[in-house]
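Single chain ahead, written as structure tokens, the form predicted alone.
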Amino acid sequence: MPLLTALGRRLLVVVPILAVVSMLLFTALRILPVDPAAMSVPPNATKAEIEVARRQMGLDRPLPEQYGIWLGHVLRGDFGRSIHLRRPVTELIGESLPATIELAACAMLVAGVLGLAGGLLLFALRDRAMEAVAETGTTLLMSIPEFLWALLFIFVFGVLLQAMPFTGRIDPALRLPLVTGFLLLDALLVGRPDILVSALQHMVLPATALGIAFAPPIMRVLRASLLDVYHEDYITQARLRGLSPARVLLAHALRNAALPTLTLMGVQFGFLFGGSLLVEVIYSYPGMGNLMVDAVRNADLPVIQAVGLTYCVVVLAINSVVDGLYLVLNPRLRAR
């Protein structure tokens, strides 16, 4: 019960955050010098036809009333129709969101593996001559943004070596299976290893570019946590019992040092999900980033609103899951 209560308190915070974000998003887009009514009709439409479209879209009403109408539709799962693509926005989100989540999850896997391995290596090199070299290496990795890694990988592995594909989500000759929208999972469900291999090949470069950019903070936090943990009494007692250094590290120290690292990885996953926009554009990856860029280019307000709100919902959901895991792993927080 204390765990459920603590989780409930954290979930209640999500509702006002979503309300504030939706209001700010709606208001900011409405003050832009763009007329959605004029963009929703043919170029040769008359002023009278534009006015009719404006009334049908509710744009002639006060801004608070417009927000109430829009929010009512959103709560029913209706984000309207794309002005540019002439398709329901929910369909566009349903097609692009799984692709971005899949890319972010694979990138987080890369970042987690590199971060944990690098953190353990940094800790093992403490008080040694190579420690300064390793610290400099992590600083160098942190200074290179994900889009530069993306461009570098395209040049090396796509152009020079021609070893990996770097455009799209799958080989154009293959037909995309539509089951859940998550391509790797759908390939397994329909029993198509060729689609699975092609999807993984197309995902290696963008996922690695994102993962390398987000791995260094994980390395540093894990190293700092391990250094703090090694000053605890139970580590000293474990050593006095004659346990090997590897067992002290893996069985005792790492379990407690992983808590701050887990929190950081959750926060990183939220930033990674939002930071995938440029990488998706560079690799022509059909995810939320490409959808947002296309919507901004065409001033497609319904799509911009839906994508912005979806990003907020996904990041809040990720943070809620991380908070829940943290409460499960650290019972002392449940009483707060």
Partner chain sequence: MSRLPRWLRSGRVIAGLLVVGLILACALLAPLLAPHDPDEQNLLSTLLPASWQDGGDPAYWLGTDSLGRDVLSRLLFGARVAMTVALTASFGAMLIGAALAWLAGYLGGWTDWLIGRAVDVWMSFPPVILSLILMTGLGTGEQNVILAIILVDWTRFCRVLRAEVLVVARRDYVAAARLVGFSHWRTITREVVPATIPLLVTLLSLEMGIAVVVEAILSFVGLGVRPDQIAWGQAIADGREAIYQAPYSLLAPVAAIFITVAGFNLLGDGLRRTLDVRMVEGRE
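Residue numbers count along the first chain shown, from 1. Note that this is a predicted model, so its numbers are computed, not measured.
The next section is about a form of this same protein that is not shown, the form predicted together with the partner chain.
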Would you mind picking out the stretch of 87-95, 112-120, 248-256, 134-142 that comes within 4.5 angstroms of the partner chain in the predicted bound form, counting non-hydrogen atoms? 134-142
Within 4.5 Å of the partner chain in the predicted bound form: all of G274, V296 and L316, by heavy atom? yes
Sole residue of L148, V179, L71, L227 within 4.5 Å of the partner chain in the predicted bound form, by heavy atom: L148
The listed residue (L75, L240, A129, V159) that reaches within 4.5 Å of the partner chain in the predicted bound form by any heavy atom is V159
At 4.5 Å between heavy atoms, is G308 in contact with the partner chain in the predicted bound form? yes
Contact label in the predicted bound form: L25 to the partner chain, heavy atom within 4.5 Å: yes
Touches the partner chain in the predicted bound form: L29 (any heavy atom, 4.5 Å): yes
Touches the partner chain in the predicted bound form: F166 (any heavy atom, 4.5 Å): yes
